[in-house]
Structures are given as structure tokens and as C-alpha cells.
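The chain below stands alone, shown as C-alpha cells; this is the form predicted alone.
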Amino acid sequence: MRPLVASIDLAAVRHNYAVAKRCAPGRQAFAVVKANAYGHGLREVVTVLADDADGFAVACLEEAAQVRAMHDSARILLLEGCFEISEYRMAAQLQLDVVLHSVVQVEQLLASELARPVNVWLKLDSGMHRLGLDEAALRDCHARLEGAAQVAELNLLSHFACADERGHSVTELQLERFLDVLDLPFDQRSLANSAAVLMIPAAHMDWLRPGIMLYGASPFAELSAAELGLQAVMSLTAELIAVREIAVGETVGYGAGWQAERPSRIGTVSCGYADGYPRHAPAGRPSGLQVPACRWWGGCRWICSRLI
């Protein structure tokens, strides 16, 4: 068996969710578990948060169905909404909260015959310019959806582009644009991603959407996860599989990216970018790399994770 192990600390997931909740007392929070809980295991993360999370956020119907099979009463937010009109019936059967980010989606929902109404989240494009309605379109869609048979709650949602860069002018502009439409009678509002949960109290609204912070990663380049009170969820442990003696002037790794300035002992770890280790990570032993039970460890001065 290849000596490379990714370990998941599910207690850390619970800890990090609690950190998000403490940042905004009285607010509710969708735990974002899209993309297999950011690669940490959707089933395992949903299970450990089942008694703590107010709801879960996913990207597609397939993920929503997995969560519903594990949790029959949780609110489940479908972040990208439905991709075709036939999916609204399934969303209603699964009792999902559905994001509508385009006029087409609004029209598809209004054309659907549903067994029960769904909670709708109209998405405002407040400045990220990927998905969402501009203010004029959002106001028009709100008028069309208000009181519609297909709609239970009518809610408002948007997403920050630069919240992980503290003090960025775009963040202030997005918050202002979000506040500008709150004269409309929305039932619930959601704006704060992980960075905003941690640093922008004005964005907390009714529902938070912690994602990356749940998994122990800092959204900020200048602040570590530990400084934010977060705990690492995944740890990657590998062993040395080879040790070589390198003469002065010899190079190591792709692109000959490191050159020996003196006679050196080089260790190769059983981990590379095909395993998810960043392709452009600096060569050398990164802080926190564990090489257990290795008879060479004390004598090696360099670990090159990009040799294999």
C-alpha cells in the first residue's frame, strides 16, 4: 500500500462550525458541503454536523438528494438552482431551498406544477458578476414571485467577490447594493461567506454561509487559521521512499528548481501533485509535514515533494 494517508478530523469540523456561529450570535448558518464537502467527505461531514447545523448548502440536485437521505428535516440550499424545468419537481419533493439567479430560472419555476411550494432565494448580482440579477431585474422578479403558488418563503441572497481582502472597496459597494434592495419584503436574507462571517458583522444578516472555514482554512492570506481560532480538518501524512546524496551544483525536481550549494542529502516523499499537493508549492519541506517512523529523517536537510 502506498504510504500516503489523508486523515479527517471530524471533531474539528464541529469546532469550526461553532466558531462561525459564535461570530454572529442569533443567526443561522448553512454549512456549505458542496463538492463532496470540499473533498472531506459529504456523508461524514453531514453526519457529524447533523445535530448542530441549521442547514446545508450544496451545488446540485445530486448532492441535495444525498444530504436529504441522511437528514429528513434539515434545510438544504441549492446554491446554483435548477438547471432545467423538470428539476423543480424534484426540488419540491426534496423540500429544498432553491436559488434563482436568472430570469430564465424564475420563468421556469413559475411554469412548474409543484406538489408543494419551495423556499426561493433570489440572487442579487451585487458586484461579483458571475451569477445573479441586477437590481432592476431583481425587483421585477420579486413582484412576479410574491404570492406565487410555487413560492413558500421569498428570500434574498448575494455573494462577495473580495471579502477575503480586508478593506477592499468592492466589498463595501456590494454591501451597499445589498442594503439598497432591503426595502422589498424578503422573509430571510443571506450574504456572509466565510470571510464575511469572520470579519464583516454588517453582512451577517439572517443566514451565514460558512464554507472554507469549516474545513480549517483561513480565507485571508495574512491571517492563519490558528489565529482565527480554526482547527485543521485534513492532515496529509507521507513517508520518505528514497534518500539520495547530491553533489554540489546538481539540481533537483522539475525545472531543475533547486540546486545544491553544498553536498546534500535529499529525501523524496510519496506525495505529488496528482495526490492534490499543490503543483506550484515551494520545493522543500513545508511546515507541518510529518514523516513518521523514518530512519533517515534526522539526517535529511531537504524534502522535495515534486520529484514524483
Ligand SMILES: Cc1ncc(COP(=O)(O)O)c(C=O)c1O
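Source: prediction; values computed, not measured. Start at 1 with the first residue shown and count on from there.
A second form of this protein, the form predicted in complex with the named molecule, is not displayed here; the remarks below concern that form.
Q: Specify the contacting stretch among 82-90, 171-179, 225-233, 207-215, defined as having any heavy atom within 4.5 Å of the named molecule in the predicted bound form.
A: It is 207-215 that comes within 4.5 Å of the partner.
Q: Identify which of R189, H142, H159, H101 has a heavy atom within 4.5 Å of the named molecule in the predicted bound form; exactly one of them does.
A: Partner contact (heavy atom, 4.5 Å) among the options: H159.
Q: Quick check on this chain: which one of V269, A64, V32, V45 has a heavy atom within 4.5 Å of the named molecule in the predicted bound form?
A: Selected residue: V32.
Q: Does the named molecule get within 4.5 angstroms of any non-hydrogen atom of Q105 in the predicted bound form?
A: Q105: no contact with the named molecule in the predicted bound form.
Q: State yes or no: in the predicted bound form, is some non-hydrogen atom of N193 no more than 4.5 angstroms from a non-hydrogen atom of the named molecule?
A: Residue-level check for N193: yes, a contact with the named molecule.
Q: Give a yes or no for Y277: in the predicted bound form, does one of its heavy atoms lie within 4.5 Å of a heavy atom belonging to the named molecule?
A: Answer no; every heavy atom of Y277 is more than 4.5 Å from the named molecule in the predicted bound form.
Q: How about Y38: is it within 4.5 Å of the named molecule in the predicted bound form, going by heavy atoms?
A: Flag for Y38 set to yes.
Q: Pick out the residues of 122-142 whose heavy atoms come within 4.5 Å of the named molecule in the predicted bound form.
A: Heavy-atom contacts to the named molecule in the predicted bound form: only K123.
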